[in-house]
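Next comes just one chain, in structure tokens: the form predicted alone.
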Amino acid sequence: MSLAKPAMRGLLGKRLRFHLPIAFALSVVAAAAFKYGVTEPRKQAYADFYKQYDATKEFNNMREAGIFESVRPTGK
């Protein structure tokens, strides 16, 4: 009894025809999950933060705290 010869001819093309669409579909799903699971909430969080952020008020608070060397607090 002899073993059957393995089918080597066309093996790469055959495996690519099977695995390439699966890999493409999984990559599209991963990209969509990252976009809507990470980047969109991050963009929304930044938008919410900067709606209420007042740079001048923040600067004045830091100036009064004495963080800056080049700007003195208003009381001194």
Partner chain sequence: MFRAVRLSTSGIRSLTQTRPCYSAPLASRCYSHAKVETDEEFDARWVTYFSKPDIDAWELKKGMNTLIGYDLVPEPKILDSALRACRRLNDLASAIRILEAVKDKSGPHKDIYPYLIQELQPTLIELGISTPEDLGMDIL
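If you superpose the two forms and keep the largest set of C-alpha atoms that fall within 1.5 Å, you have the rigid core. None of these values were measured; they are calculated from a predicted model. Positions refer to the first chain, counted from 1.
We do not show the form predicted in complex with its partner chain, though everything after this point is about it.
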item: 4.5 angstroms heavy atom contact with its partner chain in the model of the complex for Met8; value: yes
item: 4.5 angstroms heavy atom contact with its partner chain in the model of the complex for Ser70; value: no
item: 4.5 Å heavy atom contact, Ala55 to its partner chain in the model of the complex; value: no
item: Core-superposed C-alpha of Lys57 shifting 2 Å or more between the shown form and the other one; value: no
item: Core-aligned C-alpha movement of Gly66 between the shown form and the other one reaching 2 Å; value: no
item: Displaced residue check between the shown form and the other one: Ala25, CA, 2 Å or over, core reference; value: no
